[in-house]
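First comes one chain, alone, set out as structure tokens in the form predicted alone.
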Amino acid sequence: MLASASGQEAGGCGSKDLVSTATDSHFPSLSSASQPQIASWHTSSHKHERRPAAQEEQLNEEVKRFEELFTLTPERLKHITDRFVTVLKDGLDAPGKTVPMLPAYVFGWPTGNEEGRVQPPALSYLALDLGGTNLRVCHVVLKGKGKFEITQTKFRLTDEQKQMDGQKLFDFCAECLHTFINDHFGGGEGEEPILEEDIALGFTFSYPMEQDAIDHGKLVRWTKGFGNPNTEGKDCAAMFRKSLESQKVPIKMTSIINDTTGTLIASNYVKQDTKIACIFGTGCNAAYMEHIKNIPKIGHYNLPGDEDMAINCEYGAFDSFEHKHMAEIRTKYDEHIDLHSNKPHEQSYEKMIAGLYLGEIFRLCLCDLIDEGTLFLGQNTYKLEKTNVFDTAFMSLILVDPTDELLTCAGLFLHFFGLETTQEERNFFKKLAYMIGLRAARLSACGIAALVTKMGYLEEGCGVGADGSLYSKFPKFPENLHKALEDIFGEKGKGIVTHQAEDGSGVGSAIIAAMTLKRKEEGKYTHC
């Protein structure tokens, strides 16, 4: 089994006692810094025996155990939602709260007819999106009436780039932008690109930022596995401008936004009943439009209280540090993932529901059963013992396996991990994957329900633009999320309807650039 105290095994599939001798564990004991570090591997006393099938009765008992561990009752969801509402309000009152509730300096909703500058017309915009997996550059043409056209290119981000010096990361962003401009606007080899005059760039920076204006953004902390040094606490907009200047990229950055804020604006641009936007992908987050009178921490700007401003919640940080709001449902697997992440005790809510972590929760459950002698008897399981080796996409493949024998599941374990599986084991894997995904969807509903409650949207209902691979690709995620909203709100919960969001990091960024240009040309809140 997995121990949940820090300083214990990082790999997850060793012996039941993770601080025992090296012969029992495939990682060295970390119980004392003075002890010699010994490299070793997981072994089994059954390794050379004939492999028996895992007993169906035993696996059925394990299903019951995990159901008890991962099941969230309606009463528990309501309790978490109530706590969530309080935390959201705290974040609006003062800076430095765990859930920071960051003002985005995007004022009001789009009209749906944004087309660019008032005079002269400039109908197209550039957007650069630094996401968790890819860097994306977009050219967006806003056509009004909720219509747009987009051309885009993706650049893969390596693990090394996610840990390099921060300024070098922004240099890479500028290089990719320059490549895109040359490819799409170049007049020919060796010639300067042909651009519309004053074409504006919206920079989508999908990490917690503190902003005092739409074109400034100080990084609060990295998330989604990034850890670039010399960046946290600094104005990333200024760092990116420096990279643009050093690379001689002929672009002016107009705004820096979070992808969730962009998703909110883009979804409302197309579908005006959208009042909340959520991201359920590598990480999780939400944005909504708040009345300025309810944001005491920006009172020094003397903005009109009846005006609205977009709020980037960064609520993946809910229950971080003290872990007092979800202590009753936090499992040893959640604890293990948290303590062995690059940001221990941070982003606790996100670590229980986001796509970056669900596959690891599944893997750790299997590791427990391996150590108990329930799964893969007589086989070498070292490939499965590596941290984060089981992608959440594997769970999706297991859940959509159309064959009675679950042959896709069998092939997955054989191909990636060299493990043969029985029918009983595969049936169990499918049930376990569903339970973990179900818990994620139901927990995800609590954040939405908290915003609905806070803003009083329940009576009239509202649309929720949802994006991210977990929402769009994980089987039954939207359906399970909707069922959880009904469990929280009763029949009225049916009026809170999630739908596939519009492209927030590309189109949303361009719309915000258009709104910002128009606002500043009108002389409205120019200090923001």
Ligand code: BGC
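We number the residues from 1 along the sequence you see. Keep in mind that this is a model prediction, so the values were computed, not measured.
Not pictured, yet referred to below: the form predicted together with ligand BGC.
(request) Spot the stretch among 333-341, 410-418, 284-292, 152-160 with residues whose non-hydrogen atoms come within 4.5 Å of ligand BGC in the predicted bound form. (result) Among the listed stretches, the partner-contacting one is 284-292.
(message) Going by heavy atom distances of 4.5 angstroms or less, which of 255, 347, 268, 444 would be at the interface with ligand BGC in the predicted bound form?
(response) Contact residue from the list: 347.
(request) Name the residue from 430, 224, 241, 216 that puts a heavy atom within 4.5 Å of ligand BGC in the predicted bound form. (result) Flagged contact: 224.
(request) Evaluate residue 279 for contact with ligand BGC in the predicted bound form, applying a 4.5 angstroms cut-off between non-hydrogen atoms, and reply yes or no. (result) Residue 279: yes, in contact with ligand BGC in the predicted bound form.
(message) Although the partner isn't part of this model, could you tell me whether residue 206 comes within 4.5 Å of ligand BGC in the predicted bound form, counting any heavy atom of the residue?
(response) So residue 206 counts as contacting ligand BGC.
(request) Indicate whether residue 314 is a 4.5 Å heavy atom neighbour of ligand BGC in the predicted bound form. (result) It does: once ligand BGC is placed as it appears in the predicted bound form, residue 314 has a heavy atom within 4.5 Å of it.
(message) Considering non-hydrogen atoms and a 4.5 Å limit, does ligand BGC approach residue 259 in the predicted bound form?
(response) Contact with ligand BGC, yes.
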